[in-house]
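One chain comes next, on its own, written as structure tokens: the form predicted alone.
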Amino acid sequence: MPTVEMERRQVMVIGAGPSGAIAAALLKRKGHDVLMIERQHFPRFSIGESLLSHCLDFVEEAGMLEAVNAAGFQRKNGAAFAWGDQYSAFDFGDTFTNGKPTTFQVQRADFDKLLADQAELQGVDVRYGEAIVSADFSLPKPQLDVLREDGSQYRVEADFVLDASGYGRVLPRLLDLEAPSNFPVRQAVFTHVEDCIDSPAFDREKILITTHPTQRDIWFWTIPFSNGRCSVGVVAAAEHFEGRTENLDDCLRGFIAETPSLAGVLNNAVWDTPARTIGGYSANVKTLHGPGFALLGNAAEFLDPVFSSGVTIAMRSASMAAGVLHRQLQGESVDWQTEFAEPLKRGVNTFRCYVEGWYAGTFQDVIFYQGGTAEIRRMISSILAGYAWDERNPFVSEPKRRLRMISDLCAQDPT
């Protein structure tokens, strides 16, 4: 048998996206040896382009905020919602949680590369174009086989592995951790356009979420960038695509044509980039951790893009995991279930409640309701800004009861 090329590292991070870069940098800043393996080469395209305010808390924690602030990304101060002639905007500077008042809308190719580069500048060993092909966690220390682009392989023995592989879901696949999501199968079709928006009512500092005029479970995102371009996409259940053209560009523009308010906003757009699609993206796992590993971000669970929560959950999981792992590597006794999985899930489940409420229409009723108090709007704005773990907020600590209560109030008010 040929000798296997073996490398020993303290921490191995799979994936160099936002959760991987944040986790790797945080651990390196604590003095740990970190190797980060990424299958693709950066920059590479990704969606999830409208960051929530809470994201910047973790960017700052990882020592990357100055670089992100200097990168020229589109500043974002809130979220706007449109349905027919109704319009409702939420300001991240006016929230129940005293968080960051602004964040950014980013082309993820540039943003993700910036974060990975920042991690590398801090001393993280980053390797691109390499893929994990097998993993053995039955040994005293995990061993993973890595495939290089030239076809050669080597093995890494690590004290601990963090899977930040996103949609690649490396360890869930290799360790049979996949679990079905309870969300219906939905599909997104999206592109980037030169937007040429001249409407004075359009706020480039907010993401615009537009609901289809007659099918309330169909919605669109419009995310302006700082270079005069926009990300535009539609999300709908699989049945809404039946009978439509298979040409993705025509399909997306057909949905938009049925939605006059959005069609007006994009009236002058130059459609210069072929549309893409992703479907069946909601995912879940049997466990978020095990002996020698933990799962971060989309590698663990992805809900839905409607409130742009994916990157926030990814970064939050990275920060939490890095904190627990640092203590473990220092020799402390830790409990990954009570210190990582359960508190992370509480915020994810808060987002889940409002995602389900969005598609049921109850949360949309709340979003467009004009009779609510300023304090209730601040509580909702906090969740939209990403602060779904602040249990001082009643809409976080009791999301189902509070949403039911306020949606009932909206239904009773004829205004």
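Numbering starts at 1 and follows the sequence shown. Just so it is clear, the model here is predicted, and its values are computed rather than measured.
The discussion below concerns the form predicted together with a small molecule, not included here.
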Within 4.5 Å of the small molecule in the predicted bound form, heavy atoms considered, which of I132, L266, L344, A116? I132
I need to confirm a contact call. Of V232, V311, A294, A322, which residue comes within 4.5 Å of the small molecule in the predicted bound form, counting heavy atoms only? V311
Can you say which of 330-338, 220-228, 256-264, 149-157 gets within 4.5 Å of the small molecule in the predicted bound form, counting heavy atoms only? 220-228
At the 4.5 Å heavy atom threshold, is V348 in contact with the small molecule in the predicted bound form? no
Residue-level question: is D195 within 4.5 Å of the small molecule in the predicted bound form, judged on heavy atoms? no
My question is simply whether S50 lines the interface with the small molecule in the predicted bound form - judged by any non-hydrogen atom within 4.5 Å. yes
Would L162 count as a contact of the small molecule in the predicted bound form, using a 4.5 angstroms cut-off between non-hydrogen atoms? no
Should the three residues A80, T210 and S382 be counted as contacting the small molecule in the predicted bound form, with contact defined as a heavy atom within 4.5 Å for each? no
